[in-house]
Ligand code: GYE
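This document starts with one chain, in the form predicted alone, laid out as C-alpha cells.
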C-alpha cells in the first residue's frame, strides 16, 4: 500500500457523502478540509471514488453504501468527489486521485464515452480502476480492472414483460397502448440499457406505440417538467415509463396537476426503475404501478473486489448484482419493514 498525501479536498466532499432513501438525508462523515496535508500511513488502502452526483434517492443510497464500507475501521481511507453531473468534474477528480497516488480508483461514469485518456493515465500510474454502476466505453478494455453493477438492459426487458402481463390480465391485449418514456441522462449506462431493453419488448407488440421519449435527467423537477409537456402534446397516454424513481415522482405530480389519474386505479400506468423505499411507499398510495429494482448497495461488492486484488487473486471482468421488482399486488408494507434502501 502506498502512502497518500492528501493535497486538497475533493470539491464536493462536504455535501456529497450522504445517506438517503425516501428523501431522508443525513451527513455521515466529516468533510475533508482544503489544504489538509494529512499523511495516510501504510496500514490503510486509499481509495478515490468519483461519484456521479447526488441527483436522486438511489444515488444518495449508493454513496452511503461506499461511505459505510470504506472506513478507517475496515482498513480504508476514502477520498470522495461529487461530480455534480458533469464529466469534466469527474475527469479532474480522477487526475487528482492519480496525483495523490491512491491505491485504487472507483469511477461511476456520468456518460459512457470520453474516458480513454484518463484511464490510460491511471494505468500508466499503476492504479487499478474499478467501474461501478455505469460503464465506460473504451478502445482498450485493459484500461479498467472490472465493472460491477446492474444489468440495465435486463431491467428494461423485465419492465416490458411486466407491462405485457399486466395488460393481458386486464383484457387489454388488443387495445392500442400509447406510451411515453422519461429517459435518464443521455448516454448514461442506465439510460441506454433501460431504453434498449424495454424497446426490445416494445417491438414484440404491434399495438404498442411509443409516442415520445425525452430526458428528465434522473431528477424529479425535470421529470415533472417533461411530463407536463407530454400531457400537453398527447391527449391519450396509457403508460409512462420513468427510468428512475425520482422522475416518476415528478410525473405523478404533473399528472395530478393536469387533472388526470394514475396508478392501479387511474388511467395512466406508471412504471419506474430503482425501487427505493419512497417508490414502494408511492405504490402503497396507489400512485405507481410497478418499480424495477436497481440495487444501490455496491460498496460491499467493490470491497470484495479490492480485497481479492490485494491478495493477488484474479477478478471477473463483469459482476452483476441481484435484483427483483415490486408491484401493487405484493405485500409492500411487509417488504418495507425489512427494506435496506
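All of these numbers come straight from a predicted model, not from anything done at the bench. Numbering follows the first chain given and starts at 1.
Just so it is clear, the following notes concern the form predicted together with the named molecule, a form of the same protein that is not shown.
294 is the sole member of 294, 282, 47, 61 with a non-hydrogen atom within 4.5 Å of the named molecule in the predicted bound form. Picking from 188-196, 226-234, 99-107, 116-124 the stretch near the named molecule in the predicted bound form, with a 4.5 Å limit on heavy atoms, gives 188-196. The closest heavy atom approach of residue 80 to the named molecule in the predicted bound form falls outside 4.5 Å. Contact annotation for residue 303: none of its heavy atoms lies within 4.5 Å of the named molecule in the predicted bound form.
Taking non-hydrogen atoms only, residue 68 never approaches the named molecule to within 4.5 angstroms in the predicted bound form. Not displayed here, the named molecule is approached by residue 55 to within 4.5 Å at the level of heavy atoms in the predicted bound form. In the predicted bound form, no residue of 89-107 lies within 4.5 Å of the named molecule by any heavy atom.
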